[in-house]
Every structure is written in structure tokens, then in C-alpha cells.
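Consider the single chain below, provided in C-alpha cells and representing the form predicted alone.
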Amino acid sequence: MRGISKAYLIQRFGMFVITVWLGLTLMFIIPRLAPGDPVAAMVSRLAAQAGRVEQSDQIIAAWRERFGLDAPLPVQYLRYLHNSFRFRLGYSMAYFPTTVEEMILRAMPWTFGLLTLATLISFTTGIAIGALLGWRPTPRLLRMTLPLTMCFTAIPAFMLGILLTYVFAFGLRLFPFAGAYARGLAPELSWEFAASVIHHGALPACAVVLTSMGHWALGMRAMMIGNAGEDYMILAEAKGLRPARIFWLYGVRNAILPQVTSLALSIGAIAGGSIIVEYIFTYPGMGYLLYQGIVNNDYPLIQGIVFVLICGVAVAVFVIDLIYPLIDPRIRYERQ
């Protein structure tokens, strides 16, 4: 690829591997710092539901052996790394015998389809608003109107989700308040199913878009104001180029680089930061699945979901580093 040397590719790939390894190590340690035994907690929940569990000690010992929790921590850690790099994430402790891979594969399309799309809409809309706010020729009336679109920035996404649910689901009854599609429909490629998915996903998507759009707009506005006095902007105006060309190719193109980096880093927050939003709307995405894993002390499920998030963020940052020269030709990774 133009502007990128082989040594840089090797270096970035090495950083990618180290990032994933450090993330996996932390996710192995953190759940085990919590007090209590997850298997004993699971048996206790069964006892609370059934009233009594016969031979609970033998059951706990058998399940600890089944999930490898009876082995020393170094052995557990090596098994965990080996299985993670082979994408064998094991069985869920709370939903045995369902595997973690199956649960993630069921939840991932919902998170990717809804929250990733909402994040991209928020990003593009916020970038456009911020660029117009930082662009001097923008009409005064538009400058006064655009800040109104950022009034929801200070509201947490889950609080706005509750408000939207109360107004549009329970009050006006325009949208459903829970689920990903209507009952009685089977997931299939049909217009009826697609319309139901869009109808159910409108409120959680609005909660994400409205609360995050101002973040991108404020950052882009600051970058546009900073670029306004640069020599290349002054030269472009002196050459008599069209204002639209100056705005997009000279202003937005140079100001958007830090925002693209932030977008790559925010990918991990798409699922992790949407836990409460998905919980409020009972949306079957990875955020809701992670919430269930935390509540149930389900080590394999928590580790599997976070492993996918770590890999997603690491891959996004790796790809962004590679496409930077395409966004800004001034950036070069070749040896001089």
C-alpha cells in the first residue's frame, strides 16, 4: 500500500497482537477478583428456584471440573489463551450446554445492525454539524439552529431511552417498548420482518444517536476553527476556489483525522456502553448479553464477549492506521 513500509506493517501487527494479549489477560484477572464462586452461586440460584438441590457439594465439584475451575490459575490462564486464539470460547455456565460462540453469533447481528449503524449515523451527522458550525461562511440563521441538535448531549443514553419509551411507546403508542421484532415472526429475509426490525429498533437507535451526536459535533467544530487560519486554507481562498470545494477538500478532510481515530476507538463502546440501553429495551444484542453474563457471574460468557470487543477495537485501529495515507496524503510511513 502506498506510503506504508513492510517494517511498519510488521510493527503494527505486533502491536495488534500485544493489545489483544493484554486485553485477554486483564479479562482473565478481573472476573476472578470478584468474591464468591460462580459455580456455587449458580447452584444457589437453582436451590432458590427449586427449593432444594440434592448432593450440591458433588454437583459443585463436578461442574468446577467441567469448566476447568479446579485447576491452578496458571493452568487456567494458559488454557484460556489457547482456546481464545482458536476462537473456542467454551460453554456458558448459566446457559449450559449452549456454547459462548453460539450466543455471541446470535447477538452480534443485532448489535452490529442497530448500534453500529446508529453510531455511524451519529458520527456523520455530528461531523457535518460541527463542520458547519466551525465554517465562517455558514449562514447566521443556520449557526443559531444547529446548536439545538446538541441539546441531548448532556443526557445519558439510558435516561433518554426511558424518556423515549415513556413518550412514544407508552404515551403515543407509536413504537414497541421491548424486543427486536414482533412476536409470531420468524427471522427471515422478507420485507415484513425487516419493517418489524426497523420499527422495534427506532427508539434505541434514537437514544444512541441523539446523545452522542453532540460529542462528534463539538470535536469537529474545534478542529475546523483550528484549521481556518492554516496557510493551505488561505491559499485556497486566494486562488478563488469554490467555497464547497474549500469546505470539503481543504477544511473537512484535514479536520476529520482525529475524529476518525476516535471513531475506531469507540467501537468497543458500541456494545459495552449500550448495556443499559439494550437492557431497557430488552434488545437481544451483545450489550444485553454482557449484562446477563455479569449478573450470572458467567466467566466464559463475559470473557468471550469482551474478547470479541477487544479484537474489534484492535482491528479497527489497525485498519485506520493503514488507511490514514489515503485520507491525508501528507502522512507517510515509509523510511526516508
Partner chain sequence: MNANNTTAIFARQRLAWANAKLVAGMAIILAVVLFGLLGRVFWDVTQARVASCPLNLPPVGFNPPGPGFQPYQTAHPLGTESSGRDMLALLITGTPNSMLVGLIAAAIGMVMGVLLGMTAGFLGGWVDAVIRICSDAFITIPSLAVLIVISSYVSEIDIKSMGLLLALFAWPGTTRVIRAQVLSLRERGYVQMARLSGASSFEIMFFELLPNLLPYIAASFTAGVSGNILAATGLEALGLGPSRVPTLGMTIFYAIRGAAILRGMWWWWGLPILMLMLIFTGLFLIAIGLDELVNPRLRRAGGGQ
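Basically, rigid core = biggest C-alpha set you can superpose within 1.5 Å across the two forms. A quick note: this is a predicted structure, and the numbers were derived from the prediction, not measured. Residue numbers count along the first chain shown, from 1.
One more form of this protein should be noted, the form predicted together with its partner chain, which is absent from this view; the next part is about it.
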item: Contact stretch among 112-120, 217-225, 84-92, 184-192 - heavy atom within 4.5 Å of its partner chain in the model of the complex; value: 217-225
item: Non-hydrogen atom within 4.5 angstroms of its partner chain in the model of the complex for each of 143, 162 and 306; value: yes
item: 4.5 angstroms heavy atom contact with its partner chain in the model of the complex for residue 156; value: yes
item: is_contact(residue 289, its partner chain) in the model of the complex, heavy atom dist at most 4.5 Å; value: no
item: Proximity of residue 283 to its partner chain in the model of the complex, heavy atoms at 4.5 Å; value: no
item: Residue 15, heavy atom within 4.5 angstroms of its partner chain in the model of the complex; value: yes
item: Heavy atom contacts to its partner chain in the model of the complex at 4.5 Å, residues of 9-29 in sequence order; value: 15, 18, 19, 22, 23, 26, 27
item: Large Cα shift (2 Å or above) at residue 309 between this form and the one not shown, core-fitted; value: yes
item: Flag for residue 283, CA shift 2 Å or larger between this form and the one not shown after aligning core; value: no
item: Did residue 93 shift 2 Å or more between this form and the one not shown, C-alpha, core superposed; value: yes
item: Distance trend in the model of the complex - C-alpha atoms of residue 295 and residue 78, change of 3 Å or more; value: farther
